[in-house]
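Next up: a single chain in structure tokens, the form predicted alone.
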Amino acid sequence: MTIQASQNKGWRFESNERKYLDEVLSSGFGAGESGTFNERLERMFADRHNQQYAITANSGTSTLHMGLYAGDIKAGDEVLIPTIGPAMTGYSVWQAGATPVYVDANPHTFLMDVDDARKKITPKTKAIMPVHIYGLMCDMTAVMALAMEFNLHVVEDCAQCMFAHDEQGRLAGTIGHVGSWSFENSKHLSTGDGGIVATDDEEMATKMRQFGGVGFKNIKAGSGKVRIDRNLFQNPNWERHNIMAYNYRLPELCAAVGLAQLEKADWLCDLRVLMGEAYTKAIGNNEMLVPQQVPAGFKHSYYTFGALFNPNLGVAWEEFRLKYMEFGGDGIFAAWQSVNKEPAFKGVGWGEVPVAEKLQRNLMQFTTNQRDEAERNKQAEILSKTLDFFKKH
């Protein structure tokens, strides 16, 4: 797909987004001949990932909760989660009533250290949640071997990872029992906020759809329709809900935007990859920044460009960021506090993570959502200029 990016802030939404929004409003939120926009988005997403089922939701946090529910994760269970990444992974475990167990990070990829995960397995461990941070996939071969050995439920958190693959060519989100993605505003594809899960397991799909669909008993793995038979639905004796559940459904307007985004997903994702490659080239062999290591055969999707800042060269993290912005850079985001260090998680979960805590202080996250070659070149040149400045001083 060839799309010309414009100069306004809404450049990511200039294809069919407005057309589909108008269709929803014009229909009075009814389904068209091709189905609801949620149904169309789910079908296309499942097909793109070669999965049998996809289920939309109102956020990528809700989808993680749904994914854990699919594995019967409950109070008293423990779930292995990485500590470099958003706190939503920990929140979803807490929402399920389980206990998060903090797993340390690989110092080169910044992703979950599967060897450390193995050390923290107990009789209570029931699930593992690898998080594909920055757009790079975890070592899913090792994760799945561990899961098979200890009979663990696997929920892949792909909130920052769209169409990345591993050394075997397997797409992110298609290897574990459930894949979970976010459609939050900053993600590869955006509906403003929202999320989606995918699985090949019909039973899990049914459980997740009902759990996020207010427990309507007639919801099926492949359909969220609740008013299938008017005579039943309007009967005073009709019993609608068979489980305690949440209302995690994605609004139809958001699904309309999501479908338009998915139609041009390759273009949107390729823009981020090109920016990531430009940053890598700009850094070269400069020892002040070390990019996230991409294992051989892996494809990075560059939700953001992560690099480890070297604090031993006489330049402070904050000083580098300010100079980069002074030269016109978009800004540099710090890594989130490791989940175990967030105040909300005080006394929640367990597990020492010294590597992750050290990494967190020195990680730098650069934006990758530049709209065209001119903007990419500008940011890459500014990074080169900043590195050269400190090299000379």
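All residue numbers refer to positions in the sequence shown, first residue = 1. Just so you know, these numbers come straight off a predicted model, no measurement behind them.
Keep in mind that the form predicted together with a small molecule is not shown, yet the notes after this line are about it.
This chain is displayed without the small molecule, yet in the predicted bound form the stretch 83-91 from 144-152, 83-91, 264-272, 242-250 comes within 4.5 Å of it by heavy atoms. Proximity of Leu64, Val131 and Gln160 to the small molecule in the predicted bound form is complete: all three residues have a non-hydrogen atom within 4.5 angstroms.
Contact annotation: of the candidates Thr367, Gln51, Thr36, Ser59, the single residue with a non-hydrogen atom within 4.5 angstroms of the small molecule in the predicted bound form is Ser59. Residue Glu184 is the only one of Glu184, Asp77, Asp139, Asp116 with a heavy atom lying within 4.5 Å of the small molecule in the predicted bound form. Within this chain, Pro100 is remote from the site of the small molecule in the predicted bound form, having no heavy atom within 4.5 Å. In the predicted bound form, at least one heavy atom of Gly194 sits within 4.5 Å of the small molecule.
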